[in-house]
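Quick heads-up: it's one chain on its own, the form predicted on its own, in structure tokens.
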Amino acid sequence: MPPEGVPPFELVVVGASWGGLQALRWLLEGLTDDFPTPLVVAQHRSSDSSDVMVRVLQSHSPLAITEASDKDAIEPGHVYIAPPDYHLLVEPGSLALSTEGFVHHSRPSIDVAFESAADAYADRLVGVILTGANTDGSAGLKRIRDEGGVTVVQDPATAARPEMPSAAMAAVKGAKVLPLRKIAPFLVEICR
């Protein structure tokens, strides 16, 4: 158990693809302005995406939302979005960007973000898989589970595309499966 006043989880990583903007909006709306744990988001985006995603999400969240930059320090109360055409890697206390090859036809890749976060934060990490149309994130969520972290999957019945959450459930037996609207309250509960 962490010392009093220190949250039990130091980071939440979230992966989303098709339908992700809407799912992320609902998730972030449900987090309170004093939510202590930073979030790192890997959302599949085209290489020519603008910053509209960050602006839309910021209008629905009390937390500070930014597109991640190389060597950003990870701070409480912040949400870091993977920029288009870069993998977002998590290091202890900071972020890194990479232009390595595509993974599951994607850059940013959810697996890359999740696996690096699992290596950096182990059992102090929560991984969340949201809606999507492929299997990206399943291997990364399994790594999080194997390192002792908490794994959460959006109920496929509440997803715009069920393939990604269904693949994550198959890869990670025992993951907490929740309807989209119940994920934020669960995160608030476990990250206090």
Partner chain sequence: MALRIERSALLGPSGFEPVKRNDLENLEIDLVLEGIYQQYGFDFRDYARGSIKRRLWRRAYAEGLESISGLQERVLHDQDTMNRLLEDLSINVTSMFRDPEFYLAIRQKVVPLLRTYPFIRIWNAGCSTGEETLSLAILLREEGLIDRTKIYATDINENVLDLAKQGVFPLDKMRDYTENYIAAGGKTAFSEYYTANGQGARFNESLTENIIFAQHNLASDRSFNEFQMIVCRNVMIYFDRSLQERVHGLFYSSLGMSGVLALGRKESIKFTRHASAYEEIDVNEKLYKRVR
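Positions refer to the first chain, counted from 1. Quantities reported herein were computed from a predicted structural model and do not represent experimental measurements.
There is also a form predicted together with its partner chain; it is not shown, and the following applies to it.
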Checklist line | Single option in 155, 29, 163, 67 placed near its partner chain in the predicted complex, where near means a heavy atom within 4.5 Å | finding: 67
Check: Heavy atoms within 4.5 Å of its partner chain in the predicted complex: does residue 79 have any?
Finding: no
Notebook entry, point to check: Does residue 71 reach its partner chain in the predicted complex if we count a contact as any heavy atom within 4.5 Å?
Noted result: yes
Notebook entry, point to check: If you look in the predicted complex, which residues in 141 to 159 sit within 4.5 Å of its partner chain (heavy atoms)?
Noted result: 147
